[in-house]
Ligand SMILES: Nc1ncnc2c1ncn2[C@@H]1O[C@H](COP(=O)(O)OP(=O)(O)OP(=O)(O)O)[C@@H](O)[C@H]1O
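There is one chain below, alone, in structure tokens, taken in the form predicted on its own.
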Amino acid sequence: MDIQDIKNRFGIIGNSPLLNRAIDIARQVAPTDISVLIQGESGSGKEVFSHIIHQLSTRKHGPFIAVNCGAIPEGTIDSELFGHEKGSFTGAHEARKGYFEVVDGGTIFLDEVGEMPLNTQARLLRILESGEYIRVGSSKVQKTNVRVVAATNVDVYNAVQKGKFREDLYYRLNTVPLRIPSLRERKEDVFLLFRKFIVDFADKYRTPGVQLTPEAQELLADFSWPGNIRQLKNVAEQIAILEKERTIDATILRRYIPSEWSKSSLPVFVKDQSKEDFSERDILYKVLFDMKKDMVDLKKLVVELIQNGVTPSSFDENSQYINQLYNEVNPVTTQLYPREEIGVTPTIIHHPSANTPSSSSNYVTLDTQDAEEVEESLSLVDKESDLIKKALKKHKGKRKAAAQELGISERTLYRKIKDLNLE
């Protein structure tokens, strides 16, 4: 079956070289049993390619099931995929077969596989390597013969680097990578798809056909379409239903295209930038390195002050200024680390011009050489414990307020108090 026959059979519209390349890869890999990882933006048509692979394979008469891993709660996904025994958890009133058992001999399409929990990823890896799995609540190993086609709209390699996706599973799934081009990468196909959708909706809703002016066609092709084919289809349906004018120019078309997106181009892969990316350890490292920088700056200021004329005879007058300067540099650092702890060692010397020994002839100077060489401890446990103690002291033992001050949850604070023996 050639590429055009596949397009006709599965209703694929477009002549983009990138699209043709993706169809050709799917056609070649279909007769084999190797795993395929389909990557592409949301709405680009990844599920259609899973059907192509299944229908052109030797398993075409076997069952096919599509599972959206991102839509299944973490607590039940193992049961959904691998089944469970009666009484294995609350609500398990009877034994249940999982998708891998039901689809034995067929193909399972795991959509949004990048959202799969790490524990479930380990189970999936075992199936890919040996075809074995264990139901939830059972100790009996079972076998299945299933072809796995996975898809994701996230950058899986980046997720591997962040520890959110197993590296061994990534390479096992990615035996044959199949990338679906986004709509903005196939601008020559946009108008063809729009015309197809308009004809379909005009027939469905019994409305007159729609014509686009050349300016409207140009606007349609230049738009970035972050929602890809799904978004284009929605726009076509709105125009078919709502627009009374059947000749659509650029002005009318702009009403249906979000203006704030018209000049933007979203990345191919969705990248999670939520606060969960920042762990407590990252925050502690940042605090420690910020304090380190402030202390180094303070040392430089003190040395510069001495070099600019602070003699032993005038040091008593300037000591108050130095203390004030030190406090202004970083009040938090001052509170946590007295001057004796940052490598600035006070030394008592005798001024040669003094006639008689007295308390006024003893002056404080700074051993700047020691200041450059001594480094404080950067033990995370010690610093973390110290910060928690000070936060609790500041808020008079109120743990909720202390947790807010530290930027962590109250539950995490309770756990850390217990782990660090701060009760």
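Residue indices: 1-based, along the sequence shown. Please read all numbers here as calculations on a predicted model, not as lab measurements.
Beyond the structure shown, there is the form predicted in complex with the ligand, which is absent from this document and is the topic of what follows.
The shortest heavy atom separation between N153 and the ligand in the predicted complex is within 4.5 Å. Contact check for K233: a non-hydrogen atom falls within 4.5 Å of the ligand in the predicted complex. Using a 4.5 angstroms limit between non-hydrogen atoms, F197 touches the ligand in the predicted complex. The shortest heavy atom separation between A402 and the ligand in the predicted complex exceeds 4.5 Å. Looking at the ligand in the predicted complex, residues N8, L56 and K60 place no heavy atom within 4.5 Å of it. Checking L81, L178, V146, L193 for any heavy atom within 4.5 Å of the ligand in the predicted complex turns up a single hit: L193. This chain is displayed alone, yet in the predicted complex one of K164, R186, R172, R123 has a heavy atom within 4.5 Å of the ligand; that residue is R186. Proximity to the ligand in the predicted complex, taken as heavy atoms within 4.5 Å, picks out 223-231 from the listed stretches 240-248, 84-92, 205-213, 223-231. For the partner-free chain shown, G11, I12, I13 of 1-23 come within 4.5 angstroms of the ligand in the predicted complex, judged by any non-hydrogen atom.
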